[in-house]
Each structure stands twice: as C-alpha cells, then as structure tokens.
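Starting off, we have a lone chain in the form predicted alone, written out as structure tokens.
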Amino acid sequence: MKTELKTILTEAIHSAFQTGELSACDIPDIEVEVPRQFEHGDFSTNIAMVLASRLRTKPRSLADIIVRHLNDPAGIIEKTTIAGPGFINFHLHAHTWIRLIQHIHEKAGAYGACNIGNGKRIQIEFVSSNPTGPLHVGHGRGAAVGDSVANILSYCGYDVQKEYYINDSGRQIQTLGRSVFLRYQELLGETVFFPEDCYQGEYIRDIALKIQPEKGDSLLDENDEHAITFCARYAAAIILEGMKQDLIQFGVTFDNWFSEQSLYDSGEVDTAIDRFRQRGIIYEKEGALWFNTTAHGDEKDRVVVRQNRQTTYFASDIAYHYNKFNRGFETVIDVWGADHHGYIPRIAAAIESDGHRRDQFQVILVQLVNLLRGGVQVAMSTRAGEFVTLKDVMDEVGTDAARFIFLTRHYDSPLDFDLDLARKKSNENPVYYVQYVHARICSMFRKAADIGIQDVSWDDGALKVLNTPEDIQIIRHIARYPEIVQMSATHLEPHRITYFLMELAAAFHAYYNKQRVITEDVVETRMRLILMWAIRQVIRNGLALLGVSAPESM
C-alpha cells in the first residue's frame, strides 16, 4: 500500500509542477506512515511540510495543491483529509484491504519476499567459536541471530553464503592440547600440576578417556610438544563434531566450514603480510611487524608479527578477510560477541587498505545472555568449565523456544533468558503465544472440515463479508509484514519480525474475542476462514525466517 501511495503522491507533485501551481524542484524521499490513531486514516504523509521549506510555501496550502492533483486510477483511496500544519491523511476503501487477502493467497510462502538484494553476493560468518569446549548459551544467541539474518537476506533476493570460521590455530588450541594431555597423564597415574589457565571442564577428562584406549601410554614417550599437538588436534576434532551436531539440532547448517590453519598451510598469511609490507602499510618497529591501522581511524597501530616471530590473530584475520573478498563476495558480515567491539577498527582498516569500501564490511555485535533459573542468574565461566551448554538449553526448553527467545530483543541489548518461562505452556511464553495462534487456526480448519467446508481458496465473496472494523484492523496488521521483512533485511535486525509476530498474535486474540469465525452461516464461515488462512500463512512465513516451527496442534 505504501508503495502505491508514494507513486500517487509523486505523480501528483509532478502534475502540480507541470501546471505551474508549484515551482519545480527535486522531490525528496516521500515518507508514508501509519498514524497512531485509527481515526486519522490508514496512512499519513508529511511531504507537504518537507517541501514547504524548499518552495517557501505554507505547508497546508501546499497540501491542498497536492491533494487536488491526486490521481487514483486503481480506486484504492476512499477519501483524503488534511490535518494540523499539513499532514495528508489517506482513508482507503475496505475492498483495498480485503484484496490484500487475495494477494496473500496467491503468494503463499512468498508473501513478504522481495528482490531488493538483486542477487548481490553476501557472506555471513557467525558462531565461529574456538573448538575448545561445547557451545554455550551465548553462542546460541549468536547462532540464532546469524542464521535468521541469513534467512531474511535470502528471502529478500540476496545470494547468501553462511560460513563458520574454525579457529583451529594459535594459543587457545595449544592450551586445549595441554589441558587434555595433563588429564591423560593423570589417568595413567602421573602426578601433575593443572594450571588455572587450562580448561577445567569435565569434557576435558572425557576426551582424555577416549585417547587412553587408542594410544595406551605411548604419548608419555613422546616429547611434550608432539604429545600436546596430538591432543590438541584430537580434542578439537571431537569438540568440533559436537558443535556441528548441536547446531544441526538448533536448526543451523553452514554452507562452508573454513579452517584458520588452512590460511597458514596455504601460505596466505605470509602472502598477505608481504603484500602490505611492500606497500608500506605493514612496517617493522622494535623487532615486530606493525599494521598502520591508525591511518584508518584505529586508536593505535596493531602488531601483526611479534618479536618472537609468532603471528597474532590479527595476521590470520587479515588473510581471512582478503580471502572472503577474493571469493567474490560483495559484502561480508561478521557476527561477533560484544567483547570484540574494539576489534572492528583494525579489521576495517585491513579491508580498506586492500581497496574495499568500508560499507562492504559489516559487524553484528551480540550482547551477553543472562540465564535465569527460579529468578536467579546462573553463574557461568567458560574457562572454569562452569556453564550451561546450548544443548542443555535445547534439551530443557526445546529448540523453538530457545531460538525465538534469543530473538525477542535487539542483539545489541543484553538478554535475560528465563528457563522457567521458556518451559511454560502459556501466553507468558512468547514463542508459545505465537505458535498457539497458528495451531488454533489449524484447529479451526479441522472443525470446518467436519461440517463440510474444505475449500478456503480466495473467493470474491470475501469482499462483502470481511468489512467489519475488526476485519480491516487485522488485515491492516498483516499488510505491514512485507515492510517489516524488508526493514529487517536492510538493518540486519531479525527481532523486528519477532516483535511483529507477537503483535499479530495479540491482534488475533483481540479479533477472536469480538468476531466469531465458525458460525451457522456456512458462507460467512468460509469467508472468515479465507482471512484465517492468510493470517496463518503470515505467521508461518515469519516463523520460518526465524528458524522456528509452525505446529498444527499444541
């Protein structure tokens, strides 16, 4: 509806230019919004006030001119009014709204989809947790955000690839290997000192228990470096496989799993460093190699290679992001934990130094999850092995509840995840609240079938029945869905869809309390079921983008 009204307004302004009633000028973006108060119409625009300053004309007079030039060949507008200093309010014909139901029936699963992406290639990398321990609830929130953003972008016409970056190189992997090797030694009766900086979780002992039957005591005869390297690779492989299975259970699959170690094995890290050294962007100081990130807004230059000739994580990240663009992606999106905020400028500096635009690199920062049980926050420490895994949460509350609740707030805000609430089968539980509407409508269709109503495809008879204020109000609500999806894609914000679905569920309950669907009048019942079908389809479409199921019974 907004698109049609913007076109009508643009043509009206051009018409006023041609007649000389308005002096020609560039027309700014026309904003068409839904008024807060129902009596102010279906849509409103402030274009007269925006243009007034440019044309030095009183806004209300300008609004009068625009309204006189409105041409509505499709007959969607019932009346227009001018309010306040120059707002133009549009009241649409009831049939304009009801025809939207026909459109939803025709589009079905594609209702809300668009092609704003026009095939643009985007890579979104998310989770990318070090394979040093199981995924915890914080990783779950990042997984829900990243996967939903990818779904939404694909739905809006982008060519999206989802990638997991495996941090299988560096100090943390060596710490993992040392932790497992020490537990292995303990199992063989060795007396060892287990440092605090090693991974303390019981899963480390479990991995050592798997190594013992396979290797016996042979690792004790190896030098520590070789034994630790073996344990690191063995443990990382087991943990990574566990992560993959947890993510599959969570409804997340990746198009590509990219190994950090492969960047060193292929020589890409050294190549990237050499390339920037030749251009003077990487320079040597005090025996180390530094990247001139301050030239691109970072607070200080960053070390790429330490004095001991060991590379930093920044070195492999430079090569990794070069690799991404080299694969032909026009935009890369990284989903990181909020504690990585300070890392953005240095990666942006590396990308800009390589000749790419800053806006081709976007970062989604995901804030922490506070897990609550009985109203009390659950204490968690990854290093100490005291944390609730993502699998624990899925097993306790279900995948649907976990994904939906992770997306009930903007990812840049901390999230309180109440385990007790997530288990409830009541309207207090947001995912239950939405899924119940879908199941309730499915139940209506089953009852309708029992009385012989099988066909709920579009029928023009709906134009005569679905014209009560309650009908129009809920149709107006589902009409917003395509815009919500597009805004979610533009701003990379899946919580907009979650909010919309919760509001739609509330609108449905309000509708159902005032308007019976299945009545003794078979014709009226069928027409209202046509509307229910559309509502159910919108809920199903929205839940699919969030990676949440739409159950037919609950």
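Quick note: we count residues from 1 along the sequence shown, nothing fancier. Note that the structure is a prediction, hence the values are computed from the model and not measured.
What comes next is about the form predicted together with the RNA, which is not displayed.
Checking 321 to 329, 71 to 79, 404 to 412, 186 to 194 against the RNA in the predicted bound form, the stretch whose residues place heavy atoms within 4.5 Å of it is 404 to 412.
Proximity to the RNA in the predicted bound form, taken as a non-hydrogen atom within 4.5 angstroms, holds for one residue of Y234, Y264, Y343, Y111, which is Y343. Taking a 4.5 Å heavy atom cutoff to the RNA in the predicted bound form, the contact residue among W97, Y432, Y203, Y158 is Y432. Contact annotation for T57: none of its heavy atoms lies within 4.5 Å of the RNA in the predicted bound form.
Though the partner is left out of this view, R526 does not reach within 4.5 Å of the RNA in the predicted bound form, counting heavy atoms only.
Contact annotation: R357 falls outside 4.5 Å of the RNA in the predicted bound form, judged by heavy atom distances. R306 belongs to the set of residues with a heavy atom inside 4.5 Å of the RNA in the predicted bound form. For a residue to qualify, one of its non-hydrogen atoms must sit within 4.5 Å of the RNA in the predicted bound form; none of T19, Y164 and G374 qualifies.
Heavy atoms closer than or equal to 4.5 Å to the RNA in the predicted bound form belong, across 529 to 549, to no residue whatsoever.
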